[in-house]
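Coming up is one lone chain in structure tokens, specifically the form predicted alone.
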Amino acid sequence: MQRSPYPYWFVLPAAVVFVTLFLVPTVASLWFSLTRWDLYTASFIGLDNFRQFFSEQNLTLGLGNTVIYAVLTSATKTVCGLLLAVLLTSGIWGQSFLRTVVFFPVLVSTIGVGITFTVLMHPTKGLFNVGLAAIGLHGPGWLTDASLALYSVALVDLWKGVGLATLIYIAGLAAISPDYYEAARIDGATRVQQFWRVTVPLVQPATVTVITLSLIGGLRSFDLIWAMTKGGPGFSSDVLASVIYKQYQAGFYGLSTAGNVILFALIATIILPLTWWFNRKEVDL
């Protein structure tokens, strides 16, 4: 019996979009990363852009900061999101209102959040340090201290993004049958034991989603960092995306395109094995 080609027509629009918006730009980026180019001409130089990228300390610093920022924001969103979700499904007073409060920052413009917290974290006039001074404490230079700037931005990223992680976990908790908790209580399990032995294993699909989305977002992060520090002070809070943008601004198009390829490879290198490992653990469970 001959199969009808009719169902494949449904795939065609998605295939055209994928090829046009992903495959072609990806191949073009790979080519331009091997050239010295401007808006009109391109000359092939091989791997020179990549050699230059890894030979300059300021550029490789952005690579290290990217990994630190992504891991830090992903880990804190996962932990805080799960704890908040457990709290907001425990039947506490004002539960619906608190869910709205936690999720609200997700809806706010990232640039707006960055500008607002830049004002709040001003070393002398910001509300944070003014409040600390009122109780006799000397506030740090949140965004002006090279050792704190990246972590200060990560803290703001946590405040803005934890609402989405919480929402995902709430959906995961809603899917857990109450029978598991009732059986655990009959066996004499405490609330802490129920959390570790019932809740944590059964929300693993939600955990996989939160970690994956947070890691990808952290590795690609640009707008919040640029709005708050522009990679400063110096290059202390530069990440790959801000390094790439600065190279484009300076007219080093080939070098910045090589940075894009490195960022793509970094995301693929981290996310694909992690996703495979998580899926394997789900099968084992």
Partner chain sequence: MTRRQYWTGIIATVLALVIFVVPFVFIAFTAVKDKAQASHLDFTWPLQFLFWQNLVDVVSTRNYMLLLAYFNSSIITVGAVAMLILFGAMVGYVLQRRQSRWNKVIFGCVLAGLIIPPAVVPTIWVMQGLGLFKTIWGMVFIQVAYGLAFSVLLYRSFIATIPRDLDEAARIDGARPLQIFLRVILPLLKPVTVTLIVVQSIAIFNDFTNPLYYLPGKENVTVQLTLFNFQSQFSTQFNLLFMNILLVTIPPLIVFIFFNRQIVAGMTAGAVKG
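These figures come from a predicted structure and were not determined experimentally. Residue numbers count along the first chain shown, from 1. By rigid core we mean the largest C-alpha set that fits within 1.5 Å across both forms.
If you look for the form predicted together with its partner chain, you will not find it shown, but the lines that follow are about it.
- In the predicted complex, no residue of the candidate spot (G46, F54 and K77) has a heavy atom lying within 4.5 Å of its partner chain.
- Look at 178-186, 138-146, 120-128, 69-77: in the predicted complex, residues with non-hydrogen atoms within 4.5 angstroms of its partner chain sit in 120-128.
- The closest heavy atom approach of T35 to its partner chain in the predicted complex falls outside 4.5 Å.
- Contact between W277 and its partner chain in the predicted complex is not found at the 4.5 Å heavy atom cutoff.
- Though the partner is left out of this view, F235 does not reach within 4.5 Å of its partner chain in the predicted complex, counting heavy atoms only.
- Looking at T60, you'd find every heavy atom of it more than 4.5 angstroms from its partner chain in the predicted complex.
- Note on contacts: among I211, V86, A154, V102, the single residue with a heavy atom within 4.5 Å of its partner chain in the predicted complex is V102.
- Within 4.5 angstroms of its partner chain in the predicted complex, the stretch 158-176 places a non-hydrogen atom from each of W159, V162, L164, L167, I168, A171, taken in sequence order.
- Once you line up the core between this form and the one not shown, the Cα of F18 ends up 2 Å or more from where it was.
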